[in-house]
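First, one chain by itself: the form predicted alone, in structure tokens.
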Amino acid sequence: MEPVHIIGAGIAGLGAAHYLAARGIPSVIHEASDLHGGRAATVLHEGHAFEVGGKNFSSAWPRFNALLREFGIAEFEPQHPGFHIVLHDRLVALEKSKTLKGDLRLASALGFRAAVQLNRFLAEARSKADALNYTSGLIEQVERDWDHMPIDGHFSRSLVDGPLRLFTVIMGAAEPSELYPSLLMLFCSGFGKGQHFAIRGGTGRLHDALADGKAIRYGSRVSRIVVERGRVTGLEMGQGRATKVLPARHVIAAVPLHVLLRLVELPAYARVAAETVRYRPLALINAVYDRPVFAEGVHSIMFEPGSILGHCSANRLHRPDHVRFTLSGRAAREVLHLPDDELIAAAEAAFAKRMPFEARRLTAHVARHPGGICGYAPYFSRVKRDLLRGVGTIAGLEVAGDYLEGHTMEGCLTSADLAVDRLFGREDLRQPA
């Protein structure tokens, strides 16, 4: 049969190709850049393999862990056991295991009212953890109960500026005033499920295994999905006078939502829904120093409102000399335009305010994500229904990506699996032997 054309070689696009191959269906992936992995890629730089996006996974992620077993990837490293948060101008430890059960030290720093609010919210997230996702009906009840205001409208200031900002910066490169509680509850429910690890050698090992044997056309830029009489007929490739149309009957667009809107004309109701979903930019700097940078017992710091740093951590527990600076949140957006050397210096200066260091930088790599991380929208279940209904009006088109089932790697794989299922159902389209 004709191959399915997949736009984008991020984790969703690679996952779609993998799930198609499992059904005996060929695919061609079109990737505009020169590497696969998307915003969670691994970049080789001066002898180092730098992860430029998400690097941690949970033992409770079924699809992700199934792939690890399939590819024989079994060497893992533990994730940081906790964070330090800048709260009231000092570093306060937040241990993951204790936070979910009630950490008295954190409660003391937050104040009684904030501690009670946090514990109640985390308890609700924990009690609903197994049923909270973007495909079950339970999330809609959470949306009805909570999404009438942004996160900062529900909680006390010390909680908003501390632990809750920790979550919003990680999950959406955003401030608590810019995200809604349903996304926070989904994130917190995952925070307490399973154990968290990183792949030894980097997530690029998984991406490489997924890409192996797949037809990936690097530097292949799709400018438009051609639709005639309600059916996909081709892909317009290139730009300007150099465009050509490649015949295609089945397409999975595995790109961010704002990119999808540039590629295809969706019905008005779907476009209106899509425009409520927000992406916020960030930059991630991997830097290696000649000695450890973090103090003993500190592995990860979440910064205060007004800092250009959202988060900074040792890349691995055993590598305190390898630092990942994440510039995210409102203040960071004002400096993301700076040249690499100035951005690195600004990140180091912001870090040194909280943890002075004298280490000499050996090398650094800046990854900019101007498209950003998906922060979803209030009452997202409604938005998703309109989006998928609109896509469903175009025969031969399906979508996968970070805006459908959660923007974790597991969420992207879930969206890819579901896209393949929607495109072909349970029909076996393999060619006869």
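Predicted model, so just to flag it, every value in this text is computed and none were measured. When you see a residue number, it is the position in the sequence shown, counting from 1.
Note that the form predicted together with a small molecule isn't included here; everything after this is about it.
Of the listed positions (R333, R221, H154, R126), a single one reaches within 4.5 angstroms of the small molecule by any non-hydrogen atom in the model of the complex, namely R221. Residue in contact with the small molecule in the model of the complex (any heavy atom within 4.5 Å), chosen from P378, G53, G396, P26: G53. Taken together, the three residues A17, L20 and L423 lack any non-hydrogen atom within 4.5 angstroms of the small molecule in the model of the complex. Using a 4.5 angstroms threshold between heavy atoms, E405 stays clear of the small molecule in the model of the complex.
Though the partner is left out of this view, L284 does reach within 4.5 Å of the small molecule in the model of the complex, counting heavy atoms only.
Mapping the unseen interface onto this chain, P256 counts among the residues with a heavy atom inside 4.5 Å of the small molecule in the model of the complex. Contact annotation: H369 falls within 4.5 Å of the small molecule in the model of the complex, judged by heavy atom distances. Judged by heavy atoms within 4.5 Å of the small molecule in the model of the complex, the contact stretch among the candidates 369-377, 388-396, 66-74, 42-50 is 369-377.
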